[in-house]
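Okay, here we've got a single chain as structure tokens, the form predicted on its own, with questions on binding and movement later.
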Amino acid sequence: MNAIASQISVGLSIASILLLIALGLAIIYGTMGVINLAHGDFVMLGAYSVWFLQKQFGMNLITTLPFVFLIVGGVGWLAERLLIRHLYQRPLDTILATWGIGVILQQAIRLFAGAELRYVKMPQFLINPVHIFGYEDSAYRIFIFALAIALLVATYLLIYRTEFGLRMRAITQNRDVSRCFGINAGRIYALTFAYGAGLAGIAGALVSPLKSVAPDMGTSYVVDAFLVVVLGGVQSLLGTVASSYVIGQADGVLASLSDDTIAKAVVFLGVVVLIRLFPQGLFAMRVRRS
């Protein structure tokens, strides 16, 4: 039972990281129609932001999180304002442009921080295990899960309970009509892209104490995040949550039985089969666009 509980905990922590990355990816694509290949590099940028803040200012991981969100969100806002806003309704061009942004971010990190691996310290109070219902679990895994749930709730409230969310959904339905009601589509797009990038940065910050921080670390995460978004249904928060859990648990279980490479291959094959059966995703939402 301890082994089962530990495996569930590992799966939940993987799913929580995937949820934060995929949530930002789904919001950007669902609202703007942009396939953001630079999303994994925003994850990497979040990890390097934590490392820089720890090295230069001695901040611990928890206190860096708001700054990471602002730093990576700001980079996302600049990318949208300077480049991506000129490429709407041109999906192939946005794919190439976001891929180029990712390459630029990686090379910039190599230039200013070096190509060698970096390491982030975990907060001391999160290192020790905790006991829950008679089982021992990692305090850091519990923290990741709790923070992911909190950010999911905050995102839901932002989209469905605020004026900004109402404007975002109006633009998603019909951009031209929403402009007639005085909604600034450009401003909403820029803030949406920044928010999605900020969530990816938070995910990178959370994973940084668990893995070595490297310029290309975001590549594998963005692939898994795309699997989550496609499997769950692009514009469904429920689908993003469910598919994150399914893929995270499957990845964790298969990796414990074999190795990471085989686990990812089997998960990818499973997602392909499910997409063949459910082309719109498991929780597809019908959204009328004009």
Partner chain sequence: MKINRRNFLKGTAAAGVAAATGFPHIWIKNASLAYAAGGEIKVGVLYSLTGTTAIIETSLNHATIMAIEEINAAGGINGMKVVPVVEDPASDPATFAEKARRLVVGEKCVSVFGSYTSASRKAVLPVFEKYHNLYWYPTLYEGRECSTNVIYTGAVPNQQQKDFIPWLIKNFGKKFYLIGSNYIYPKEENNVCKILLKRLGGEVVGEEYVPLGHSEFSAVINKFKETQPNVIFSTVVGDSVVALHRQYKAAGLNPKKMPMASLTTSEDEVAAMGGEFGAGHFTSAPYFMSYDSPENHRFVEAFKKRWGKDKTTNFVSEPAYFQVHLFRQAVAKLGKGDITPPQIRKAAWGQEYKAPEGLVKIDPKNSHTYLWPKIGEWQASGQAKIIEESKEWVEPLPYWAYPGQVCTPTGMVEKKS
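Predicted, not measured: the structure shown is a model, and the values here were computed from it. Residue numbers count along the first chain shown, from 1.
The form predicted together with its partner chain exists for this protein as well; it is not shown, and the discussion that follows is about that form.
Looking at its partner chain in the predicted complex, residues I17, A115 and E136 each place a heavy atom within 4.5 Å of it.
A residue is said to contact a partner when one of its heavy atoms sits within 4.5 Å of a partner heavy atom; G186 fails this definition for its partner chain in the predicted complex, lying far away.
Although the partner is absent here, V75 sits far enough away that none of its heavy atoms falls within 4.5 Å of its partner chain in the predicted complex. Its partner chain is not drawn, but in the predicted complex it has no heavy atom within 4.5 Å of L147. T261 belongs to the set of residues with a heavy atom inside 4.5 Å of its partner chain in the predicted complex.
In summary, among the residues Y119, F125, F164, Y156, the only one with a non-hydrogen atom within 4.5 Å of its partner chain in the predicted complex is Y119. Interface residue among R169, R175, R81, R141 relative to its partner chain in the predicted complex, by the heavy atom within 4.5 Å criterion: R141.
In plain terms, the part of the chain that comes close to its partner chain in the predicted complex, with a heavy atom within 4.5 Å, is 208-216 out of 208-216, 156-164, 175-183, 190-198.
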